[in-house]
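Single chain ahead, written as structure tokens, the form predicted alone.
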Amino acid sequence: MAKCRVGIVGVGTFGINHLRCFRQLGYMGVAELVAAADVNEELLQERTRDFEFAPYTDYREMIAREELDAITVVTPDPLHREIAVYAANAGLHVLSEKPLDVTVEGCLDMIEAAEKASVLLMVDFHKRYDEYHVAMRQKVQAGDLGDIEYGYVHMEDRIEVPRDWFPGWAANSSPAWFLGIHFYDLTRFIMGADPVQVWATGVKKRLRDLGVDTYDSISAKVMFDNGATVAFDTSWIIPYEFEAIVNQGIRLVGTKGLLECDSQDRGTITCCEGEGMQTHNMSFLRQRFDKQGREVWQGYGMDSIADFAHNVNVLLDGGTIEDLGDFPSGYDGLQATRLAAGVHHSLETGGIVEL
């Protein structure tokens, strides 16, 4: 079996999960973490103290000098397109964080480059790998809910995310791009339906007063081609004191029943002096140690990245993309971006947008 050689572009807040995943895939002989690139040289050197890889400040140099089979793109959203197209043109398979791109045109460019080079383009829509969401999809696809009529989604971050984590970059993003994109795709995935129409409203108050010029919250009502309408509420201004960094859930109602999933509170609650109540989504990430005492991370936050490595190995062993079965593709990334872009177009025009 092939063992893919991987490079990572972006080793910041979420990039560390890619580093963790490929390091432990190395323990299993599935993949090799060869190199990583980041424009932040100080952060890059810090990561090399915890992970073994060749560091680069220019991803082009990394691709030119290292014999890679694939890269993962974990940079700010507007940079995905350039990196992915460059890598595809170099014959590398690509996993991009979501959104695939912040424009429909950018997604199309990435898809075209991957198809022209006959390489894999995947999107890290990790909510598809959550066992609770998979169970929802199985019930919907089996017809247990009958025809889906309507639904509701909420995803909210504590205010520390835009204010403290990404104060410079948040102004170039929004709750729809940073949060909504997760559930735009997940709802498509569960229902097997595409969005056709959207109407959205948004508010700019709290963050603008703090010097971050972006939306506090965005509400969107979306019609899908199966006749269902789903309301999406996204925000990133809930208080620091809230019990988790993210609050999220999904609810779908059909002619025969309903399904609900609280994606934030999976039942693990702690109360520590000076910290207050805290809940943890152990399905997303949980730390373990193997028999050799090595750190291992489990959960759907790892599974979605690992799936890319397994898929690349199938291709390296002579398989085709058609052999891979179901995976979040460039087309799925395009549809989620089409909806997010439609949400913002509706915010600008104040009207209903056809997708």
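When you see a residue number, it is the position in the sequence shown, counting from 1. Quick caveat: nothing in here was measured; it's all calculated off a predicted structure.
Heads up, the form predicted in complex with a small molecule isn't pictured, but that's what we're talking about next.
Residue contact with the small molecule in the predicted bound form: Asn40 places a heavy atom within 4.5 Å of it. Interface membership of Val212, defined by any non-hydrogen atom within 4.5 Å of the small molecule in the predicted bound form, is ruled out. Although the partner is absent here, Arg128 lies well away from the small molecule in the predicted bound form, with no heavy atom inside 4.5 Å. In the predicted bound form, none of the heavy atoms of Leu92 sits within 4.5 Å of a heavy atom of the small molecule. Interface residue among Thr103, Gln197, Ser219, Thr75, judged by heavy atoms within 4.5 Å of the small molecule in the predicted bound form: Thr75. Contact annotation: of the candidates Val85, Val253, Leu79, Ile245, the single residue with a non-hydrogen atom within 4.5 angstroms of the small molecule in the predicted bound form is Leu79. Shown here without its partner, the chain carries Thr13, Asp124 and Trp169, all of which come within 4.5 Å of the small molecule in the predicted bound form through at least one heavy atom.
Partner contact region in the predicted bound form: 176-184, out of 271-279, 139-147, 176-184, 108-116, criterion any non-hydrogen atom within 4.5 Å of the small molecule.
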